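Next up is one chain by itself, shown in structure tokens, the form predicted on its own.
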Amino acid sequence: MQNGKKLVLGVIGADVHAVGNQILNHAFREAGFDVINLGVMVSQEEFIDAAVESAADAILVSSLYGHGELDCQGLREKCDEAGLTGILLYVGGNIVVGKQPFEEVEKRFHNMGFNRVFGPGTSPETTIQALREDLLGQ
């Protein structure tokens, strides 16, 4: 059953990890979301263009190669400039280089304007529940 919420999903930067992207795509669709899946090696501009074009409710960025922190810098500001002020921004995966305390990583991404930050190994169900809370008030 569709819930009417549109998500833009993709793997940012030079990251080519496609399996997790496909798992998330399937899980979000099964949960009733309309998913615009951009695949891998997605630039910030491609996320933003797809969100504007589709009138998306959220942008979900994943990264597994460890450079997500660099790839995501400035995304909130670019969203605002494109008229996507307040769009829900999620990021998840192996988003930093090396092993770092998740609380510190989460704080840095929140400071960059992300609403939710998910560490490596987060289940799709956890993200789906967060989407339901943030977009549907459930």
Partner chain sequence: MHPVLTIDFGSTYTKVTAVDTASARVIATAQDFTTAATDLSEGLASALAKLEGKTGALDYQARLACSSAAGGLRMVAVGLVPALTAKAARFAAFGAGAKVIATYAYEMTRADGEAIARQQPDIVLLSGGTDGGNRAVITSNAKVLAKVPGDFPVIVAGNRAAQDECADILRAAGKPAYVTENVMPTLNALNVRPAQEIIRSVFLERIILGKGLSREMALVDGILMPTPAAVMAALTLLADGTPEHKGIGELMAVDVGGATTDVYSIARGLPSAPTTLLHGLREPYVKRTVEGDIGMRYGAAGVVQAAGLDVVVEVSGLSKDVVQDLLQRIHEDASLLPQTEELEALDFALAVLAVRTGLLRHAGTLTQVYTPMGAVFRQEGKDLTHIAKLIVTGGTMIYSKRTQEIMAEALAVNDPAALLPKTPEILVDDRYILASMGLLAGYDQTAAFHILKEQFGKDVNHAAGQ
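Residue numbers count along the first chain shown, from 1. Here the structure is a predicted model, which is why all the values come from computation and not from measurement.
Just so it is clear, the following notes concern the form predicted in complex with the partner chain, a form of the same protein that is not shown.
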inquiry  = Residue-level contact is defined here as any heavy atom of the residue lying within 4.5 Å of the partner chain in the model of the complex; does residue 43 satisfy this criterion?
reply    = yes
query = Contact between residue 105 and the partner chain in the model of the complex at 4.5 Å, heavy atoms?
reply = no
request  = Could you confirm whether residue 132 comes within 4.5 Å of the partner chain in the model of the complex, counting heavy atoms only?
outcome  = no
4.5 Å heavy atom contact, residue 36 to the partner chain in the model of the complex = yes
key: Partner-proximal stretch of 108-116, 71-79, 46-54, 88-96 relative to the partner chain in the model of the complex, 4.5 angstroms, heavy atom   = 46-54
